[in-house]
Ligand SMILES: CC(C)(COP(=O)(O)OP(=O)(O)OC[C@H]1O[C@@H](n2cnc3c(N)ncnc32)[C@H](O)[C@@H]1OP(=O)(O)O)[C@@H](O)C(=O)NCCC(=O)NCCS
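The chain that follows stands alone, in the form predicted on its own, written as structure tokens.
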């Protein structure tokens, strides 16, 4: 990763930069409504930014969730965006690793993600069939529903992931 990258929790003054980041990183997806709602969720959301050369280089969100029937606190990773000019420099990996450490320190036992298995497997994520996503996934996305245990020795959780309101839109879970 480039030296001189600072990873920190986002601040209110970062919002405009975060809102500019997503359309450039994902020109074919409109993630702004979700990001805006998540940033209003307060302590249930961990929002981290990566700053490089005094510019926003990346952003990631971890949302506190639960699994039906379990007392465990878990997290949902996403969205994650890195500025196109800063991709393939380790910024995405660094910001995800920092977030994983913070949610683990906050007591999360498991993290879930709906994303590219080739990317997220580098962090230890693997397909999960024990905990189901909030909405049915298209068959071709089944391998993209993944989890990472942060508690090592616990038996796997089973049930449905319960998410806060910003994530309760079926369109977020399908093409």
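Residue numbers count along the first chain shown, from 1. Keep in mind it's a predicted model, so treat the numbers as computed, not measured.
A second form of this protein, the form predicted in complex with the named molecule, is not displayed here; the remarks below concern that form.
Residues placing heavy atoms within 4.5 Å of the named molecule in the predicted complex fall in a single listed stretch, namely 116-124, out of 129-137, 62-70, 116-124, 32-40. Among the residues 18, 25, 157, 161, the one placing a heavy atom within 4.5 Å of the named molecule in the predicted complex is 25. Contact check for residue 103: no non-hydrogen atom falls within 4.5 Å of the named molecule in the predicted complex. Remark: residue 81 counts among the residues lining the named molecule in the predicted complex, judged by a heavy atom distance of 4.5 Å or less.
Taking non-hydrogen atoms only, residue 92 approaches the named molecule to within 4.5 angstroms in the predicted complex.
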